[in-house]
Ligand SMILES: C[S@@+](CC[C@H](N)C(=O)[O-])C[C@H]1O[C@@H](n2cnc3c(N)ncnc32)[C@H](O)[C@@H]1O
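Take a look at this one chain, the form predicted on its own, written out in structure tokens.
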Amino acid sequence: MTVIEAIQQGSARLENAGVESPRLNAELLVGDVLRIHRLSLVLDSRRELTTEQFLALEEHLRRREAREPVQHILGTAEFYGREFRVNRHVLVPRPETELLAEWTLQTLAASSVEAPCLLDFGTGSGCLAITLALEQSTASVHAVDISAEALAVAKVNASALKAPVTFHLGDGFAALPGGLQFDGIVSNPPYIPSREIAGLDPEVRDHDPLLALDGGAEGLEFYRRLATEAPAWLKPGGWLALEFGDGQAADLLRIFGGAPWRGAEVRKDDTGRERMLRIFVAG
């Protein structure tokens, strides 16, 4: 079987299995077994797969047909131009979270604080914390997660990318040492209402960790917690930048509508949906 035949046949199989973007997925899987970037496949389109490569591809396709995320099969996901290790213990990084990172960096650029102290609340793979540490070299970045397995993945990523992040294991702010004060806190907390988990795509429902998905009865549990607990950990004039679910903007503006919060701003993702909130505490 040639490379082009493998891509065509793999794409057809994945389309029949209901996989979104089957051609892209097939190219990624073929590229992985050949150990080349998918953009180089066109140069090797007539190359024949070895028996070992064919069998490896068959296993990849079988897993993807079963709706295992392609990132789990590859073991990596790209975020902000960097490669991060991922597995079933961490949420696969989403494009919306890249926009949250970008907005956070814009907020830092507009600030007069030269060496900001930042917290990634619920770090998962560490993609947000690590990106902020590498893009804002003067920042002191902390990250917390309740999952020891997730934190282990984040530490591997930080080590591989040489990112100076201080990690804390435990339940939110209770895991942090006393005396810490942050200029900004970023978070992509769980925001799916519990009753909606069963209706999610198989890639999410069956493979992303439930801890990273379930936001309680209304999907707002962690936002209420942040609205109440975060002010004590923010410096005067500090800010909170959050990702949230489609249709939750009005609820979040209500949750953060009272003192000490001020200056709420909502931003849309690339599809025009409101998906991010930034809000300040009184200075």
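Quantities reported herein were computed from a predicted structural model and do not represent experimental measurements. Counting begins at 1, following the sequence as shown.
What comes next is about the form predicted together with this ligand, which is not displayed.
Student: Please determine whether Lys235 contacts this ligand in the predicted complex, using a 4.5 Å cut-off between heavy atoms.
Tutor: Contact with this ligand, no.
Student: Does at least one non-hydrogen atom of Gly184 fall within 4.5 angstroms of this ligand in the predicted complex?
Tutor: No, Gly184 is distant from the partner.
Student: Within 4.5 Å, heavy atoms only: does Ser147 come near this ligand in the predicted complex?
Tutor: Within the cut-off, so yes.
Student: Counting only non-hydrogen atoms and a 4.5 angstroms cut-off, does Pro193 reach this ligand in the predicted complex?
Tutor: No, no contact at 4.5 Å.
Student: So if I measure heavy atom distances to this ligand in the predicted complex, which of the stretches 138 to 146, 111 to 119, 70 to 78, 194 to 202 falls within 4.5 Å?
Tutor: Of the stretches listed, the one contacting the partner is 138 to 146.
Student: Quick one: from Leu176, Val153, Leu91, Leu99, grab the residue that has a heavy atom within 4.5 Å of this ligand in the predicted complex.
Tutor: By the 4.5 Å criterion, the partner-contacting residue is Leu91.
Student: Let me know which residues along 165 to 185 have a heavy atom within 4.5 Å of this ligand in the predicted complex, or say none if there are none.
Tutor: Gly170, Asp171, Gly172 sit within 4.5 Å of the partner.
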